[in-house]
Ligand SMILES: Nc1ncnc2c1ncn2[C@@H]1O[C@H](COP(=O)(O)OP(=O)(O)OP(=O)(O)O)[C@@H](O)[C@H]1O
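Take a look at this one chain, the form predicted on its own, written out in structure tokens.
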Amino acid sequence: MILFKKEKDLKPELKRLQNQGKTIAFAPTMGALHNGHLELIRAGKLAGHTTVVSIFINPTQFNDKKDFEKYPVTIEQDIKLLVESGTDILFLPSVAEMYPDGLEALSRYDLGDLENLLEGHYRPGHFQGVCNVMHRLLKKIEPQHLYMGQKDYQQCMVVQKLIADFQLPVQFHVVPTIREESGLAMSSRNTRLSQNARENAVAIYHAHVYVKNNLLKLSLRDLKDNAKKQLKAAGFTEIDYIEICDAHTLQPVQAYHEDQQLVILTAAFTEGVRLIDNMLLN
């Protein structure tokens, strides 16, 4: 694996690979890597692509300064995992490399309703930060393929809109959420949980399974209310949302219709750590 910290050094290597007829698969991360991240790399390698991974904790997508300061940094372990997974290139830029004009000189993106729904509502400015960093990374790396995880369902929709709006020449692949044996969605934030909270946090997954299994038996309102009760019983102290939405628009739905694909999405706090997860329901 080759490590680059600057675009000016990375670009010649990418050009060399391009001249050899290689295709680039890119997986953007903020480090604190786990098997969910590694699955993105495996998917790219399985398709025969040269794999590029970025590690950059993007300050512009944190609406809570304390959350940014607490975000886990495990760069040595991350590099070890990337080498073991057969990653070809690691791009490890600084804030100055990504934002040479400073953190105030940001572009503004029209995200429509995605800006105000769910994560957009509870984390104002978050998706503007996501678009700013993703647009810059895609310009620097110019991959033919982009791999991201379904756990960040709404973020995937935002990036898809970014690609479409700017007609970026990259094929987007959403990789299914990788879970621990218990069902808990793998997340870098899980490292901040005590063992007890980690065991109880699987309640989000169980609540989603409950909703999926009872979709035709109860109203969506009752399903959501019961799911909230399950989370509170498991020790979640604050629930931003448990919402059942149209899987393509993320607009909340009030009643089940067979011809409408639904997704349930949850964001909730345990031990002060905010966890998110989702599940397609039908």
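This structure is a prediction, so every number in the text was calculated from the model and none was measured. A residue's number is simply how far along the shown sequence it sits, counting from 1.
What follows is about the form predicted together with this ligand, which we do not show.
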Legend entry - Non-hydrogen atom contact Gly149 with this ligand in the predicted complex at 4.5 angstroms: yes
Legend entry - 4.5 angstroms heavy atom contact with this ligand in the predicted complex for Pro176: yes
Legend entry - Proximity of Thr29 to this ligand in the predicted complex, heavy atoms at 4.5 Å: yes
Legend entry - 4.5 Å heavy atom contact, Phe166 to this ligand in the predicted complex: no
Legend entry - Location of this ligand contact in the predicted complex, chosen stretch of 101-109, 207-215, 183-191, 86-94 [non-hydrogen atom, 4.5 Å]: 183-191
Legend entry - Sole residue of Arg42, Lys70, His34, Lys228 within 4.5 Å of this ligand in the predicted complex, by heavy atom: His34
Inset, instruction - Can you tell me which bits of 218-241 touch this ligand in the predicted complex, meaning any heavy atom within 4.5 Å? - result: none
